[in-house]
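Quick setup: one chain, the form predicted on its own, written in structure tokens, and binding and motion questions come after.
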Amino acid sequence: METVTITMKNPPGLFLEADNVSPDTFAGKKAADIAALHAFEGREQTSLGKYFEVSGNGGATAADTRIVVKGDVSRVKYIGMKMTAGEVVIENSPDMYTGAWMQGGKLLVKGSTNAFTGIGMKGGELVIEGDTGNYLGAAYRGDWRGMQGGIIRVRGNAGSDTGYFMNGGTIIVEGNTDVHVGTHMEGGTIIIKGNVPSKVGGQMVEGTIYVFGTIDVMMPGFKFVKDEEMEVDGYKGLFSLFHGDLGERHPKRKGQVVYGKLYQKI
């Protein structure tokens, strides 16, 4: 695997849209070609080389390309957008839309991310060693297609609306989240190892949510079913199962109504 290192040398005055920072785009290109790729600072079209020092060449394919992003990228959006293969390592904390619509490969953030991380994600692995903002693995505003595949793991905390309109895949938050986890959820799995204030699974139709910590206010549309011994992300223990959201219309399979499942650790 070939490694391309891009190091911030000239931080943008406005937010920089850098959707070209992806193994798919860097593959088959030399350092000079990568530096010439376009980016947008506000409405102005510019180039990656204006902001980043580029060293190394891309691999023959996306799968053969590894990107290391160094320096202050707190004003840089869309890193890893729509990537299908390869690897991206961000050594600090980027802005919004990191890994948006990601389809494959691995993206590691050694810092924290802002809002809309992993929105519309279809595949791959996204790991955030710090915290993340609102709308993790959610749908784009106005859309009903949230995360559909892949896995997101957050070592720290997440904001509100985690898994909004989620259809598939897995989100694991090892810390706490804010309100509205799994709102409009129609598939997939969300694991929260910390606490959630309220509004867990609102208007949920299908899918599974696990909460290891406290839920300050349980949604009225959830009904206790039974206690179950479960193994969840390496932990074995007893969880209470709730079905919901009972206020929604639910599909039937083989004559049985399908509900969303909310498990809370006992």
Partner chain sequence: MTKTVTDVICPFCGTLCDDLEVVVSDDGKTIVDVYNACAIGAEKFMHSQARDRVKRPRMQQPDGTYKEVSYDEAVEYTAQMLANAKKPLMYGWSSTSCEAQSVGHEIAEKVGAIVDNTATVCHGTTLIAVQDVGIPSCTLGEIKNRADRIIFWGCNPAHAHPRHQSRYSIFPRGFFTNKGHKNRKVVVVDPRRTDTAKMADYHFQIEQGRDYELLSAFRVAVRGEWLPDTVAGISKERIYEAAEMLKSGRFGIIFFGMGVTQSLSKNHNIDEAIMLTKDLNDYTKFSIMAMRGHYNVTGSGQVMGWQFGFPYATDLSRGFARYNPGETTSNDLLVRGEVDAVFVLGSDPGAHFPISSVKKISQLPSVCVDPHITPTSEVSKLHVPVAFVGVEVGGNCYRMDNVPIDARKVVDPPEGMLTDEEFLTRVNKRLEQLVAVT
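Residue numbers count along the first chain shown, from 1. As the structure is a computational prediction, the values presented were derived from the model and not from experiment.
There is also a form predicted in complex with its partner chain; it is not shown, and the following applies to it.
- The three marked residues, M96, S198 and Q203, each reach its partner chain in the model of the complex, with a heavy atom inside 4.5 Å.
- When contacts are judged by a 4.5 Å heavy atom cut-off, S112 does not count as touching its partner chain in the model of the complex.
- G42 belongs to the set of residues with a heavy atom inside 4.5 Å of its partner chain in the model of the complex.
- At least one heavy atom of V179 is located within 4.5 Å of its partner chain in the model of the complex.
- Put simply, E87 is far from its partner chain in the model of the complex: not one heavy atom of it is within 4.5 Å.
- Contact annotation: its partner chain lies within 4.5 Å of heavy atoms from the stretch 140-148 in the model of the complex, the single such stretch among 186-194, 140-148, 166-174, 104-112.
- A heavy atom within 4.5 Å of its partner chain in the model of the complex is found for exactly one of R153, K82, K122, R75: R75.
- Of all the residues from 232-250, those having a non-hydrogen atom no more than 4.5 Å from its partner chain in the model of the complex are D245, L246, G247, E248, R249.
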